[in-house]
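The chain below stands alone and is given in structure tokens; this is the form predicted alone.
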Amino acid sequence: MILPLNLGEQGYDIVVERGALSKIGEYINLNRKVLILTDSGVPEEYANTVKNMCQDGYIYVVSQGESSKSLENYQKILSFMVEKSFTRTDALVSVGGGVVGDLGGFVASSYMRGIDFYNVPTTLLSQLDSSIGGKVAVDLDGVKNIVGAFYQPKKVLIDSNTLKTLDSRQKMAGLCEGIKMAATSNSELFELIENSTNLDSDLEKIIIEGLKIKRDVVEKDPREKGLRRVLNFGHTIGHAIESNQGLGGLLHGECVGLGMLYMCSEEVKARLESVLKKYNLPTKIDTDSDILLSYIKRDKKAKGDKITIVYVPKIGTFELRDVQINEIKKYLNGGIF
């Protein structure tokens, strides 16, 4: 299936097809110099599959984990491209999860003021969410995605066969992005996830329906000036939890799942807790609210002393609320509004 994302000259196709990776040369012009960015946690065969179809391909591997989204790695990759004489007509292909997608996109956005960028997400989290929309970034001083840009890929290839090598915890953490989008925008999709008896057989439908939600939001608000903020459901507190956990802590999707529980009605919270438990995802965390608030104050979405939160009163609906950052403490302490 091809889902077109319409942004005028910056629009592109999202290809969702089992086996798409093995014929990537049919979808992307590889007859040029290509940097294939991946990480140590991604099966080598995925990057090699791309390289074997390239006229002049180079694989660059960063360490697995959020810590690789750094200015240091950003600079090293740029230096490698200079060393290999990449030009403006060449391309960068990210093969992996959200880390290499964000990092690779940021490199592509700035090398020679922008080269072609292609995203091949291989985790459920990145397939459902981060691979489309053009938000690319690195972290700085413990703050996620604080240095970045909006830079749309030329194409996104989603091959659900790559999920076969994903461990169960990573897969379930990725499912949180599907739960998030369903909770705000599609009650039927939420019910599918809620009642699924065979998640593997339902995954492709969940991916496609989740992508449709994000695609429609991005088309209406490509630079996150209004509606696109709905995609941040669970992220305001979730990012704070993730930043506080540090290396070896909870996964991004697990943190988003926890963050959703603070920003909804009691009715929604009960359903969210039930579905999170069904997929062995955490529903409680022992963290000081003042510590989390200190991270939220540095959130890039903050505007002065205010921040826009996404609140879900009923599954399939949402409200965008502008609140004083200090008021977030009421939500952190279990207040329902």
Ligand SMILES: NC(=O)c1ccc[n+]([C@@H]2O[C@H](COP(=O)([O-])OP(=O)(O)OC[C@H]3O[C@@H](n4cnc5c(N)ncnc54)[C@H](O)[C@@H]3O)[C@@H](O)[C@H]2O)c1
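Nothing here was measured: the structure is a model prediction, and the numbers come from that model. The first residue of the sequence shown is number 1, and the count goes up from there.
Keep in mind that the form predicted together with the named molecule is not shown, yet the notes after this line are about it.
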Even though the named molecule is not shown here, does it sit in the model of the complex so that Lys33, Ser85 and Asp90 each have a heavy atom within 4.5 Å? no
Considering non-hydrogen atoms and a 4.5 Å limit, does the named molecule approach Gly41 in the model of the complex? yes
So in the model of the complex, is the named molecule close enough to Ser274 to count as touching (4.5 Å, heavy atoms)? no
Check Ser94 for me: does it contact the named molecule in the model of the complex (non-hydrogen atoms, 4.5 angstroms)? no
Just checking whether Gly210 would be counted as a contact of the named molecule in the model of the complex - the rule being heavy atoms within 4.5 angstroms. no
Which of these stretches, 124-132, 105-113, 193-201, 75-83, has heavy atoms within 4.5 Å of the named molecule in the model of the complex? 124-132
I need to confirm a contact call. Of Gln64, Ser70, Gln55, Asn29, which residue comes within 4.5 Å of the named molecule in the model of the complex, counting heavy atoms only? Gln64
Contact residue in the model of the complex, from Met172, Leu261, Leu166, Val230 (heavy atom within 4.5 Å of the named molecule): Leu166
Note that the named molecule is not shown here; using its position in the model of the complex, name the residues of 205-234 with a heavy atom within 4.5 Å of it, in sequence order. Lys214
